[in-house]
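As structure tokens, one chain now follows by itself in the form predicted alone.
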């Protein structure tokens, strides 16, 4: 099948161009998306790949690749701090943010992006988790449970107040949908990606210190509560970004599963970080491709692939450990003096 060079846009999607100059992006994010689409179109033409003729698939792959970097980048810190469930808590509050955006659009007839309202609400929830823990001396899991239930309850109430207008549109946010990754949503994700990677890059050593020895970090003069808030707010950004293709229900899996798989193979934090990104990229690329080919739910497919990679990593890790033990036994035997 021949692939047309034209890049179809999703429903309601419009390219932003300079008046009178066709195809010239008006902003850097739009330029990135356009060049990415050109690249995938060229690859699709050369290889005869049908799915690369669709503009929404270009954006889905772009969003997926960026998520596969963001999620392990934050998830590796969370898993080592035993905060793996914070992704679920913020995902449910992001759902409330989506409901807030949809409700405002329905009632006031404005054009607020539900993903922008989700970012705002999720970041407020991230701060709430930290503040509840600090003010009440409650454990983190208690504050996360409170925020999770509050967020999901708020979303459910807003949907019920305007069920006719919101119930149908909410499914894409619950389960994810490749076709709904619009140009504007892709721009939001690129912006979130730049913020997350920049902040982690500039505060990497401090975050690492706080992650492994919070007491020593306090003694060294680091503002531990501030870095804790930074981490939870970055998590909120990742959750909202990943929600586009993963959905609220499965978004937390990208923060945990690739990191858990990498932990079976890596011998240092930096190795675990790089390995988790590689596993996440494989899960996203394979999952999106299978989702398109078999018309399956994108989020569920990606998670199943990620779990499969995790199982493979566990088995490979067991084999590697067995070989290491055997090597140690042989080395010890060779060092023993002969009788």
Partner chain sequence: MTHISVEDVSFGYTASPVVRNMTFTVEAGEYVGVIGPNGSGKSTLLQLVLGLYEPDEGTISLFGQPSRAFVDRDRVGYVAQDVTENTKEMPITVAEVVLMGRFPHAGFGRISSDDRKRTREALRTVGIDHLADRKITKLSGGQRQRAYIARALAGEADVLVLDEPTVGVDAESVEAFFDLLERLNDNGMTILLVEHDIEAVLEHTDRVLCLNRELYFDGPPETFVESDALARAYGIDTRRGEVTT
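Since the model is a prediction, treat every value here as computed from it, not as a measurement. Residue numbers count along the first chain shown, from 1.
Note that the form predicted together with the partner chain isn't included here; everything after this is about it.
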TODO: Run the contact test on 152, 161 and 173 with a 4.5 Å heavy atom cut-off to the partner chain in the predicted bound form and return yes or no.
DONE: no
TODO: Verify the contact flag for residue 35: yes if a non-hydrogen atom of it lies within 4.5 Å of a non-hydrogen atom of the partner chain in the predicted bound form, no if not.
DONE: no
TODO: Look up in the predicted bound form whether residue 213 has a non-hydrogen atom within 4.5 angstroms of the partner chain, and give yes or no.
DONE: yes
Open item on the list: Taking the partner chain as it sits in the predicted bound form, is residue 136 near enough to touch it, meaning that at least one heavy atom pair lies within 4.5 angstroms?
Closed with: no
Task: Exercise: residue 80 in contact with the partner chain in the predicted bound form, heavy atom 4.5 Å - done: yes
Open item on the list: Exactly one residue in 198, 156, 220, 131 has a non-hydrogen atom within 4.5 Å of the partner chain in the predicted bound form; which is it?
Closed with: 220
- [ ] Using heavy atoms only and a 4.5 Å cut-off, determine which of 263, 179, 146, 112 is in contact with the partner chain in the predicted bound form.
- [x] 263
- [ ] With the partner chain left out here, work out from 185 to 193, 90 to 98, 204 to 212, 240 to 248 which stretch has heavy atoms within 4.5 Å of it in the predicted bound form.
- [x] 204 to 212
Open item on the list: Within 4.5 Å of the partner chain in the predicted bound form, counting any non-hydrogen atom, which residues from 242 to 274 show up?
Closed with: 263, 266, 267, 268, 269, 270, 272
